[in-house]
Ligand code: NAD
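One chain follows as structure tokens, the form predicted alone.
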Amino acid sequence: MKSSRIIGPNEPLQFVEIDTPIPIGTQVLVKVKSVGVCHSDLHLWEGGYDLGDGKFMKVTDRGVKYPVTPGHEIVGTVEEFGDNVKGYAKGDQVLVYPWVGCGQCPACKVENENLCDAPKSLGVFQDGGYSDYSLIPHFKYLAKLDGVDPESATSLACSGLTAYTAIKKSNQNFPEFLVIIGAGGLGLMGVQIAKYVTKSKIICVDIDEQKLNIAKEMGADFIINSKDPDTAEKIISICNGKGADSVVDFVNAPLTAKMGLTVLRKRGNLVLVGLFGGSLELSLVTIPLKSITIQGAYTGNYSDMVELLNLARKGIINPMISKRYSLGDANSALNDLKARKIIGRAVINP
């Protein structure tokens, strides 16, 4: 089978021919129809994450081993399967849950494998979907599409799942005003989900006017270009002068996180999602005085993905696919993502 593999940090992906795996036991071989191009792939390719103050977290320190085939947003058809697989037949169209856990840690025992202490995620710690075929370790990580568009379904395994989890967390204090920072693929999905899940007035913030207009079309009640130096004041004004009940930061850079804290009202809830990186100085006394909650959101569990798939099936959410690449053009896909040339989501179709 053909695969595009990351050989090392910042090195061009290599388009290679490797042996097609043969599934045994509970394993399923999926013929990849479409795989999402995600910012997590970009971090894997770049070798890690910016922690700020000149510090860098290497993915190899987290257990990643090169070479590796990236791609964790996988949709395809069942090609072959081991003797212990139940409920699936050859040709079934499936979405793959990629956040494979160890099965033993406290998170895994309550079926939150996305928060596993020793993760084995597809496309990160083991080969993923930038390939003709992907070997799935257990059929329990599959979900049937049943009518959902395959390309659109790719984002539901990661970006959509992350947005869904983040919006659910933001809804814990029943916000009247919800600020969404970032109108990229994650943020636009977040707007759609928030429109359905919450009863909030949604304020979307970004530096790109085109993306903001799309956010408005998808349900944002207010859009603000954060190039405006009065962005924080405008947000607080919209929120009746008291600030936002919840903020979801899909960028999570020092400037955006600072703005999120600035516009948050008393009893406010800040959900940090993006992996832009950097560091932030906090005024610690304001956190207890305002009773602020600050929390992270990292993908979601398998049940969340199934819920999200049902929303897509009902037409409540509609992931926007804006660019398509061949498997041999994986380098172009990652370069375009890095250069912010992709609005919405991009996919690779082997």
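It should be emphasised that the depicted structure is a prediction, and the values quoted were computed from it without experimental measurement. Note that residue numbering follows the sequence shown and begins at 1.
The protein also exists as the form predicted in complex with this ligand; that form is not presented, and the subsequent description refers to it.
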Here the chain appears without its partner; judged in the predicted bound form, the stretch of 22-30, 36-44, 58-66, 307-315 with heavy atoms within 4.5 Å of this ligand is 36-44
So in the predicted bound form, is this ligand close enough to Phe222 to count as touching (4.5 Å, heavy atoms)? no
Spell out, yes or no, whether the shortest heavy atom distance between Phe139 and this ligand in the predicted bound form is within 4.5 Å. no
Is Phe276 close enough to this ligand in the predicted bound form to count, meaning some heavy atom within 4.5 Å? yes
Examine Glu79 and determine whether its closest non-hydrogen atom to this ligand in the predicted bound form is within 4.5 angstroms. no
One residue of Cys116, Ile207, Val197, Ala232 in contact with this ligand, assessed in the predicted bound form (non-hydrogen atom, 4.5 angstroms): Ile207
Exactly one of Ser121, Ser152, Gln192, Thr256 comes within 4.5 Å of this ligand in the predicted bound form through a heavy atom, and that residue is Thr256
When this ligand is considered in the predicted bound form, the residues of 152-172 having a heavy atom within 4.5 Å of it are Cys158, Thr162
